[in-house]
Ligand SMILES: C[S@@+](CC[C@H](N)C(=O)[O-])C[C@H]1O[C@@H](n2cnc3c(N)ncnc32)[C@H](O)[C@@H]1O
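Next up: just one chain, as structure tokens, the form predicted alone.
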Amino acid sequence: MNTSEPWWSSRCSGALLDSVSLLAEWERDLLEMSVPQTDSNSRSRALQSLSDQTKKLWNVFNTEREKLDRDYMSEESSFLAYLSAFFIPNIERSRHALSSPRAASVLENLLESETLRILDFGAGPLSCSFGFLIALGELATRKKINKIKNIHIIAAERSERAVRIGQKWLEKVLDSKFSIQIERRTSVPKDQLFDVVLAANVLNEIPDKHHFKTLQLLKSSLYAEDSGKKSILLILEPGQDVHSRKLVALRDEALSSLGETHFKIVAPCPHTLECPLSPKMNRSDWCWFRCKFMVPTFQADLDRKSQIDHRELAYSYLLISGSKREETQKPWAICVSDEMPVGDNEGQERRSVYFKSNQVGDKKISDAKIEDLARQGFKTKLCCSSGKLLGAIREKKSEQESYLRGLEVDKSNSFELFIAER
């Protein structure tokens, strides 16, 4: 759910927890852990210290991945850097991924249960659990439904300290009407089933050869189809090409090996065929999504010091349902690019020829109109329910809203020309 006010700006933004208090707890603890509060300059010195540590961890994550220690959370500087740069943005990424209409249609089932069982795999400081609870709370507020009384979280995480601080914050900010139980495990319990399984930024930290086995393990933690319960699995990864492509490859392998009957992809895919943006297609683009984020004040101060921009967050994801009993209505297509002008005037003639030779569909488009669209049209890419990747072109009116990446599209939309993407 995208609203004019961010989730962290109001105590009423969610029905489950107090997000204003969460920001306050996070900021206070970071300041206290980084620099002793002994003088009036402690905040400034803490910001500088945290930003220096963040730059180092950011560089390892993004340019020197081979240097990433599996136990980086055990090092004080890396632990503080992670809390500074990733905790709040990862809450927003997971919240945003769970806020689409199709995700809401699955999450709504969870509001009817008194007890909510959550497995947070690779939990860290419970960022994804926070994001899930905020998204669920927003949905509960809209739907005016919430029968939940008990929340039980199993955090499968190597770092005890990371879970401990996330647990501390969650227990402080969760509405007192809910009973909360949080357990840390070093591995996924094999004797328990869950309503919700979360795996955020985990696959990119384990070898590729273990990805499919990990998916099977997480899928086996969902309630079985014949249990009568609805359960979901969220896999969230960074939006960079290397991580997104690996997630797409895992999706295709799972569909091929397990078969569609074993699980149902709820989002973002409008089909269960091979992904037209898979690595084997050798395309320069990939499947990722973005969200605009109104950065809270302390995060913005940290970002200015470390020169990291969190005002726009990228991610790739899969939302999988453990039950196929009720088919979630899927859109005709999903936008997998932002809408952009087709190009400059110099390439108009070449584009016109390309559009004419690659147009698809029954709609009759005159050559003159195609030439006009090739000169001043606006194009977005659509991943369609047929499994095809199409270019959708229209004449954009000034008052019309752009087709943003991730937008669900039906056939009644105002595209004037469809072309087959190569």
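Residue positions are given as counts along the sequence shown, with the first one as 1. Treat the numbers as computed from the prediction; the structure is a model and nothing was measured.
What follows is about the form predicted together with this ligand, which we do not show.
Screening 138, 157, 195, 339 for any heavy atom within 4.5 Å of this ligand in the predicted bound form leaves a single hit, 157.
Note on contacts: among 307, 150, 220, 186, the single residue with a heavy atom within 4.5 Å of this ligand in the predicted bound form is 186.
You can rule out all but one of 287 to 295, 347 to 355, 82 to 90, 106 to 114: in the predicted bound form, only 82 to 90 has residues with a heavy atom within 4.5 Å of this ligand. In the predicted bound form, residue 119 stays away from this ligand, with no heavy atom inside 4.5 Å. The closest heavy atom approach of residue 72 to this ligand in the predicted bound form falls within 4.5 Å. In the predicted bound form, this ligand sits beyond 4.5 Å of every heavy atom of residue 244. At the 4.5 Å threshold, heavy atoms of residue 166 stay clear of this ligand in the predicted bound form, well away from it. Not one of 19, 25 and 133 places a heavy atom within 4.5 Å of this ligand in the predicted bound form.
Shown here without this ligand, the chain has no residue in 267 to 301 lying with a heavy atom within 4.5 Å of that partner in the predicted bound form.
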